[in-house]
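Okay, here we've got a single chain as structure tokens, the form predicted on its own, with questions on binding and movement later.
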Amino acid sequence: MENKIVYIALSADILHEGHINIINTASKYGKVIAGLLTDTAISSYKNIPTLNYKQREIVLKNIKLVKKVIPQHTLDYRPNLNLIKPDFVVHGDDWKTGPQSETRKQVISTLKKWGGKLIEPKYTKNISSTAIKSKLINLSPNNRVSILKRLLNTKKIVRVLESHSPLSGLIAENVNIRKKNSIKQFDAMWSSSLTDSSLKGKPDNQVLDFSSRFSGLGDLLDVTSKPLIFDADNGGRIEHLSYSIKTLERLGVSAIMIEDKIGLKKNSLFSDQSGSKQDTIKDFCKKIQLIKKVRKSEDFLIGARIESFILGKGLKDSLKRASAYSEAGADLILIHSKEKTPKEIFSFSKIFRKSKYSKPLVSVPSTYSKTNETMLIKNGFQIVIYANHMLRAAYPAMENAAISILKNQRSYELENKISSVKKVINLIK
């Protein structure tokens, strides 16, 4: 078997006995070439791996029985199989049914072209990288901080869901829809000043201070593993900003988003923006530069939210600000709009993404909600934030439950409309 080539495909995020079994089996048939799935390939069907490609490659290259490691850029084996034409492919027998069964058929069909054979050892039950990671959910803050930047490099669009409590965070963490070999899920969480204030029964005008919000963040991050973007309004006083950044990094937050308004906050979705003022470009750039100087890691991203469209200043002003903020050190540009269509933000992206100051664009489609993610991707947006939908969904549900109990003087009529206690208990590990 010395001259035979054996191909295996692995994620190898957390190596366990199942992986070793595959490698040992493969080595009996010839020289083992491992196709290491890239971050992009992995994130197409489950969460991005804890270790990046380079880290996983180093581990795999140092396993004695693995002779060569090459990248596998998709879940489809065929590009690599046609490249190296292996005599054997080894994979556990678990893919005979389920989402990977179609991939298996493709492998068998491709191997037939040169007389190759598929070897399927018995799947090692009750163990997987995903299961192991679920038990190790408390990532170190440093590991969590870096995930958002990696997602931007691997996904067409990063899907972010507002999470105002640990329970809503668990929903963002776990809910998904599977389609063939892919999975649709939320990639990150959004800590919204609007929903945090509303949850406390206070107006959205920065009356809820950062220390109160940071306390709640700790509880949320304790039970989740996905990255989080913190909505910091205008960042507060510049003299205090450095302390906020240190706290956010220590907690494991991946990005801060600050808006270029000053004075008493008025929610941007209000039609009447009289009294609202926009910061000068010079002073807002000072905030960005300070964050850049204070942050410990370049993986902690700085987001600049531009309010020019909200305040009626138009495209020219928004582009001028975007270029200046980008040059000052912003990693993300959020162009905000309260229009019912994305026309003005798309006019912005068409010009800005071609400029030398281009940075990943962020969309918050609260008012132009008919706009789907495919349209956002086509127009150059890399992050979409569903900024307040979890709280907005919870409010009418709770109100209707209260009305039903009052009306019927019992809770029986609610039972088929609300979650069972068992489901809630099982959500919390």
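Nothing here was measured: the structure is a model prediction, and the numbers come from that model. Note that residue numbering begins at 1 and tracks the sequence as displayed.
FYI, the form predicted in complex with a small molecule isn't displayed, but the following is about it.
> What stretch, of 188-196, 352-360, 147-155, 77-85, brings heavy atoms to within 4.5 Å of the small molecule in the predicted bound form?
After filtering at 4.5 Å, what remains is 188-196.
> Would Thr103 count as a contact of the small molecule in the predicted bound form, using a 4.5 angstroms cut-off between non-hydrogen atoms?
Judged by the heavy-atom cut-off of 4.5 Å, Thr103 is well away from the small molecule in the predicted bound form.
> Examine Ser268 and determine whether its closest non-hydrogen atom to the small molecule in the predicted bound form is within 4.5 angstroms.
Flag for Ser268 set to yes.
> Even though the small molecule is not shown here, does Val384 get within 4.5 Å of it in the predicted bound form, heavy atoms only?
Val384: no contact with the small molecule in the predicted bound form.
> Even though the small molecule is not shown here, does His91 get within 4.5 Å of it in the predicted bound form, heavy atoms only?
No, His91 stays farther than 4.5 Å from the small molecule in the predicted bound form.
> Of the residues Arg295, His336, Arg321, Lys226, which one places a heavy atom within 4.5 Å of the small molecule in the predicted bound form?
The option sitting close enough to the partner is His336.
> Only one of Glu249, Asp299, Asp204, Glu173 gets a heavy atom within 4.5 Å of the small molecule in the predicted bound form. Which one?
Exactly one residue meets the criterion: Asp204.
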